[in-house]
Structures are given as structure tokens and as C-alpha cells.
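Shown below, as C-alpha cells, is a lone chain in the form predicted alone; questions about how it binds or moves come after it.
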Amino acid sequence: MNSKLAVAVAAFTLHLGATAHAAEVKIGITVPLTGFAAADGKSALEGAKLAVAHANAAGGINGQQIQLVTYDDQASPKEAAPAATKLIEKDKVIAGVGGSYSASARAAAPLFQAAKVPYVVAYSIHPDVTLAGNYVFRTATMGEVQGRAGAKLSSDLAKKRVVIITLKNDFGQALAAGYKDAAPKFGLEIIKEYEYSIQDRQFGALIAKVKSDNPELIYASGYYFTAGPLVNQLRAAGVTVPIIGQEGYDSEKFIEIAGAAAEGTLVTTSLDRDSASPVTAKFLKEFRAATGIGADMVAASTYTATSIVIEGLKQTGGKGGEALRKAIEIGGFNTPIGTITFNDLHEVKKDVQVQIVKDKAFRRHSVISDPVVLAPPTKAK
């Protein structure tokens, strides 16, 4: 090959490489892959990867493959903000997915909003997230609504005297606020509320107080790594009343940590393992095939958030910005966690699933469908 031809071939090869790279549609995601929330981060990432794999196998976006650009935010706003900035400015993502906790989502959301890059949050529940602006969406039932659902469940169980145990962070306090707001409407008496730190794993002093309160039910917020020890120690101390947890419990890790004490624990969540929905059943089957483990709420919610971005891009022909925002805003999406439509604050209104731990697995207990209890806030209210 002569030198001129070699140069031409090399230039053409470089052009093909650049074209192939440019043809990729980039979606960004931040997840906590290290630190205290690493198990949730891994689950979230697997959910997002499955959504991308499904879309790419079906041709991607107008024949362009989707690239998932990932950063570890350690569930920390100090890491989430610079990660969001990199996704927007360095990686030039067309949309973002929030696969992390509320503190991280609250730090990232204003940055995506300012850049007019649509940002779909999977499972953070703090009310401030969607208040960042009209480019921010949430697929999870927000904290206050989940708290109200917990109060409704307490009433459905015919329990009145309640002790609340609250994780002292955005997640726990949002849930407690909703529960306390709804409690009077259901005739619930909140005897006491106790708070604990995310670092706490020993609850002896707190449990002694709860025992002396003699409640009929305990509403306890937490993540699997705090809820597991808490439930285990409550049962070991002889506390036998029903315990209601929330999405933070929704992990096989909770059952593993709590052990036999997990049996009978009730969890308000987004994912129904016994759903008759073909979309949910397919997701559960394919997630297990892809990962070797059962899906949790985090995986299902992040799969959902990623799929909504992808479906929006299909509707816009791959355009981002305002076109994508509008497509997500008006769309109805059939997902593993239910049919998703967004209100004027980009919050969802959907049923809350109640799972119960039975024979070392999450099973359906009931479904909360009350339209008043589950109504998210709107711009007017």
C-alpha cells in the first residue's frame, strides 16, 4: 500500500470511529457504587443496564445505540453535584437518570434543570426534588404520600396506638411527616416518635423505651442496612406487634440481615412480586436471568426511569432538550412499577403496593389505591 493510500485509509478509519462514537445516544446516571449504599447502587445500575440492553437489542434510538454513562455518587450530595456537572458538560448526555438517594437527587436536580437536560429520578422521595423545575421528573411515590399510605395501612390492620421510629435524614423525615399528617384522619394515636442516625446499628436503649410504650404497631423508616438490625433486635427483645417499613426495606439484603425476624414485616413499596402485569412479570424474570438475583424496588424503579427516558427519545426521534421534556411530560408509560403519568409537578399518582416477608421472600399483602391518600401535590396545592 503506498503512503498516500495508507494515509487515506487511516483518515477514513478515524472518520468511521468518530462517526460511530457520535452516533451513540448518551444517557447519564449517578448511583452509589461505593459507601454505605453500595448494594442499592449496584441494584439500580443493573436495572438501568437492563433497560438499555432491551432498547439496544431492539435497534436503539433510530438505529443509534444507547450508551449509559455512569458515575458513583456515594449517595452524597458532595459527590452527586460534580458527577452531574461532568455528565452535562463533559459527557454531553441527552438526559439524566437519578439512581441514588434523596440528598444526591436534590443536589443534582438543579444542575440538570439549569442545563435544560431532562432528569428522571428513580427512587428518591424528598419533596424538594421536583421543585427544581420542569425538566425534573420522579417515578417514585414521594415520601409524604408513602407516609400517608403507611397510616392507611395501619388503619386497615385495625391498629390505633402507634410508635414511630424515624431515620434522621431526608428519607425518614419525609415519611414521618406524611404519616403524622394522615394519622388523625385514621384515628391513630401516635404515642411517641424516636429518631436514630444512619450510622446506628445497636438499638437497645431505643427498644427498651418502645417496649415500655406498649404500642399496637410500629412505623419504622430505614434502609435495609439499618432496618435489618432494628427489626432483628425488636423481635429479639420480645416486641411482637406489626412493623411497617417502606421502600428502604425492599431488598433481599433486609431479609438476609434481619434473618428469621424479617418474617411478617410489612413494606409499602412500588414493586409487586405477585403482579399479574406482563410487564412486571417479564422484568422480574429477565432481571433474575441477567443478574442471578431477585429484583428489588430500586432495580425496578431505575429500570423504569431509564425506560421512560428511552421511550421519550423514541418519540422525539432522538432529540433532547425541550422536545424530550415535553414527550416525557405528556406520555403514559407501562412499567414494572405500574402505569406512570406525571402531573404538573412531575409527580406520579399510582397505587402503593404492600409486600409482606413470607418464607424469606417478599409476597403481596395488599394494595393501597385510595385516591385521596395517594394524591401527590400539584402546583395549585
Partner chain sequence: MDYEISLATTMAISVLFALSLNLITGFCGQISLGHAAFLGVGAYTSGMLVKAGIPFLLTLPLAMLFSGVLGIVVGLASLRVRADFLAITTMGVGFLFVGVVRQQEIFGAEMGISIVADPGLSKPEFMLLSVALAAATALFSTYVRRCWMGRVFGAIGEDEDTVRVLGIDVPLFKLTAFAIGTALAGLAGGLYAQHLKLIAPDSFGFIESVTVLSMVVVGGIGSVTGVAISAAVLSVLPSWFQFIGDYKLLVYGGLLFLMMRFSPGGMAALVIRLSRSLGKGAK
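All figures in this text were calculated on a predicted structure; none of them were measured in a lab. Positions refer to the first chain, counted from 1.
Here the subject shifts to the form predicted in complex with the partner chain, a form of this protein not shown in this document.
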Only hit among Q74, S154, Q146, T130 for heavy atom within 4.5 Å of the partner chain in the model of the complex is Q74
Of these, E286, E89, E263, E189, which has a heavy atom no more than 4.5 Å from the partner chain in the model of the complex?
-> E89
With the partner chain left out here, work out from 100-108, 299-307, 270-278, 156-164 which stretch has heavy atoms within 4.5 Å of it in the model of the complex.
-> 100-108
Candidate spot T339, N343 and D351, all three in 4.5 Å heavy atom range of the partner chain in the model of the complex?
-> no
Touches the partner chain in the model of the complex: K168 (any heavy atom, 4.5 Å) = yes
4.5 Å heavy atom contact, Q173 and the partner chain in the model of the complex | yes
Please check if A81 has a heavy atom lying within 4.5 Å of any heavy atom of the partner chain in the model of the complex.
-> yes
If you check in the model of the complex, is T34 within 4.5 Å of the partner chain, heavy atoms only?
-> yes
Quick one: name the residues from 184-202 with any non-hydrogen atom within 4.5 angstroms of the partner chain in the model of the complex.
-> E195
